[in-house]
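For reference, the chain that follows is the form predicted alone, supplied as structure tokens.
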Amino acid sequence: MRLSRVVATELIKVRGLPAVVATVFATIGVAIALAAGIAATSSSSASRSDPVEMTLATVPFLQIGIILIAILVVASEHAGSQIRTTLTAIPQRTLLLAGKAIAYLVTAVLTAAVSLCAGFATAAITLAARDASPAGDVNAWPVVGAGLYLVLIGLLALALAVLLRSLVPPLVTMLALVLIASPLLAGSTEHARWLPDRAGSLLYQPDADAVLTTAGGVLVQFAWIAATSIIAAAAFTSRDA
């Protein structure tokens, strides 16, 4: 079977998963609600009237939705016997993994782009309504970096889901990493910069680290994704369904 057909099949599966569809719309809704809330309650100082900064403040929450989407793309088939049926139809496991990864990337890129654009537009409109729009030009490139970060952190979650073949363990692991371990370690050791989420966050916070540059942070995050993906692919292609 060709990769294009596998991708089309996986996209149909993703679109047919109510949990994925609900998570996509919930992520977009959270982006709009948070951006509106931040813009409505922010002070009128210039540094806090930037819709870009307000949009970036929603990223730690939006990553929860992207991580969940990534894990659902894989784990939904392991909840029952569907993975056996899928492997019967597509015995080339590497091809199947590639199809799932591309289906996730399409879904994640669309979700991240719509969420961030909706959040940015909501913040800008709310600030305009309060007559608190920034006077100077707005640099929107950090929002693009935030979108790339969201897609990459979800790709790490997808690889972990392939390795663990379930919903809860990879979800708990990823959420514990980005919401608990990373913030706690950042306050106690400088070596927290090597964690995948903190290194990747340099995509939208380029001056946040004294050692890593944006390119260095991306390489660190890619290294985490590559290492996890290689282990996950080896496990998926060698063990029974």
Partner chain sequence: MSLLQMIAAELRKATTLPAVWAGVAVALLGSIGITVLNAVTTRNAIAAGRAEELLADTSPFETAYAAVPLGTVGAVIIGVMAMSSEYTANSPDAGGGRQISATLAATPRRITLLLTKAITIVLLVVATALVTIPACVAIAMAIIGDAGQEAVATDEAVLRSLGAMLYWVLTGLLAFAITVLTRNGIIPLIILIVNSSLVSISLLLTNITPLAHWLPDMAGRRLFGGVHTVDGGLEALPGALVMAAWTLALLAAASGVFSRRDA
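All figures in this text were calculated on a predicted structure; none of them were measured in a lab. Numbering follows the first chain given and starts at 1.
If you look for the form predicted in complex with its partner chain, you will not find it shown, but the lines that follow are about it.
Looking at residue 127, you'd find every heavy atom of it more than 4.5 angstroms from its partner chain in the predicted bound form. The closest heavy atom approach of residue 213 to its partner chain in the predicted bound form falls outside 4.5 Å.
The shortest heavy atom separation between residue 194 and its partner chain in the predicted bound form exceeds 4.5 Å. In the predicted bound form, at least one heavy atom of residue 167 sits within 4.5 Å of its partner chain. Taking the partner from elsewhere, every residue among 37, 68 and 175 has a non-hydrogen atom within 4.5 angstroms of its partner chain in the predicted bound form.
This chain is displayed without its partner chain, yet in the predicted bound form the stretch 79-87 from 136-144, 155-163, 111-119, 79-87 comes within 4.5 Å of it by heavy atoms.
Of the residues in 169-196, those that come within 4.5 Å of its partner chain in the predicted bound form through at least one heavy atom are, in sequence order, 171, 172, 175, 179, 180, 183, 184, 185, 187, 188, 189.
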